[in-house]
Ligand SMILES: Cc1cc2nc3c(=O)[nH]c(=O)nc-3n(C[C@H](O)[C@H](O)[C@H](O)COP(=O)(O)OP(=O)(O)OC[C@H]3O[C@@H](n4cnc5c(N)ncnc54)[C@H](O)[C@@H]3O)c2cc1C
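Next up is one chain by itself, shown in structure tokens, the form predicted alone.
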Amino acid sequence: MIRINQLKIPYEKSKDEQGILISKIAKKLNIPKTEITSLSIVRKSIDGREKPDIYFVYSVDVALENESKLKPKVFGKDVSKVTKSAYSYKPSKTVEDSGKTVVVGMGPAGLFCGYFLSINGYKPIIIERGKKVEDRLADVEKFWETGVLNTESNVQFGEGGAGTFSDGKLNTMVKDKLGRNKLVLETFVKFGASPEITYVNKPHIGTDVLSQVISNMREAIIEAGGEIRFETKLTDIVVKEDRISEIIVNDNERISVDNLVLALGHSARDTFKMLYNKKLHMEPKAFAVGVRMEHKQSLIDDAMYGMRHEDSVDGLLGAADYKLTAHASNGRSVYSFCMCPGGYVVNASSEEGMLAVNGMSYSKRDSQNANSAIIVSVTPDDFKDDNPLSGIEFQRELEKAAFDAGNGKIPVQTYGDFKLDKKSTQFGNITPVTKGNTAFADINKVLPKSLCDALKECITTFGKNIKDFDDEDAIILGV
């Protein structure tokens, strides 16, 4: 197999990408087209450095009738031999020796753990405190419309985890030497995602499609012998002779267990506390907090493409995204995260009296606004003490302040007013696109001053990378 990198096609000609790629490959390798028996796209990204001339850039793997006939001079920086190998799942114990396995949580980690155990014959029990995705959708929509929160079925808890309502972005900076990432993407495609997620630079499924993909995976787990129990919450563990022998769910039912997988996710704060009380070793960790920031999608398109994506030939350019990083003078790092082109800011609360926001897009990414988390690094030094759970308390304090600032609604403010420490009273040339109601507030009263200072300084810096990113009418929402 031959891998060829840096094959460029003008975006407007990409409808015929297969034919053009074959021609370019034949020329690159100095062979007739007929000797190419197959090609697969490994990676596809956008190069907008020469706008308005925009290119798709490809890496492809090519199979030839007779690879040994290739002349040595064709190999170099962008042409090399590759050997493909599929990821092999190798459990440490046989099915007969493994005993009973319980997986706690059915977000991405628990979902794939349960899936691979099931298709390899291990028949795990997967417990999820929230509801199946179909029922969860109704609870989340009700919350967004009315503000009435179901603390066990929301944007954080339920089948698929928080990612179900964060549009299924599938980015990772982890090197995929074993092929695990590729297998995950191929599994999503098997259950209904678009095949392009296996090769586009920043794969994305979309909340609307992802919910069906997850439902299909659930059925496959059950068909393979796995058991899934929704509305089943881990409330205690029983330890005998230094081993977990049982778990208690919903405070009243005991389940014997030989292997326990904790795939708890971000927001299972009550479960973390229970585990801490059981003397499990824990350490505090650094993370990041901040705001969501909204701009018109057309502003981001113009910066990245020199045109609006809707005006591109046949709409072949999707809504543009961005990635920004900066360092504030007070030592904090500030960066964009979970960028949602054509997206929505969503109320992602999971506890009464507290409020947090996330971002999501549907598969078409067709709302009028782009949004991204603009977040600031925090470390255990920012927490009140060295208790491993102090980071959770730090988060809760911010979420309570956000809830109070918006009286239960998403606190929103123009960037101009945020810089002036002033509560907004009206929007400028951009209005928020949200799932959940909003209320004007001063986010300076929600986040610590050092974080606000870092945000203000670095958003100004971002304005040098993307024209008008720091426009005073841009919108920030927290926390």
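Because the structure is a prediction, the values reported are computed rather than measured. The numbering used is simple: start at 1 and walk along the sequence shown.
Keep in mind the form predicted together with this ligand is missing from the figure; the text below concerns it.
For the three residues 109, 162 and 292, a heavy atom within 4.5 Å of this ligand turns up in the predicted complex in every case. The single contact residue among 127, 205, 300, 374, judged by any heavy atom lying within 4.5 Å of this ligand in the predicted complex, is 127. Think of it this way: in the predicted complex, this ligand has a heavy atom of just one of 338, 260, 228, 137 within 4.5 Å, and the residue is 338. Listed stretches are 97-105, 71-79, 188-196, 205-213; the contact stretch with this ligand in the predicted complex is 97-105, by a heavy atom cutoff of 4.5 Å.
Mapping the unseen interface onto this chain, residue 234 counts among the residues with a heavy atom inside 4.5 Å of this ligand in the predicted complex. Of the heavy atoms in residue 343, none are within 4.5 Å of this ligand in the predicted complex. This ligand in the predicted complex comes within 4.5 Å of no heavy atom belonging to residue 406. Among heavy atoms of residue 266, some come within 4.5 Å of this ligand in the predicted complex.
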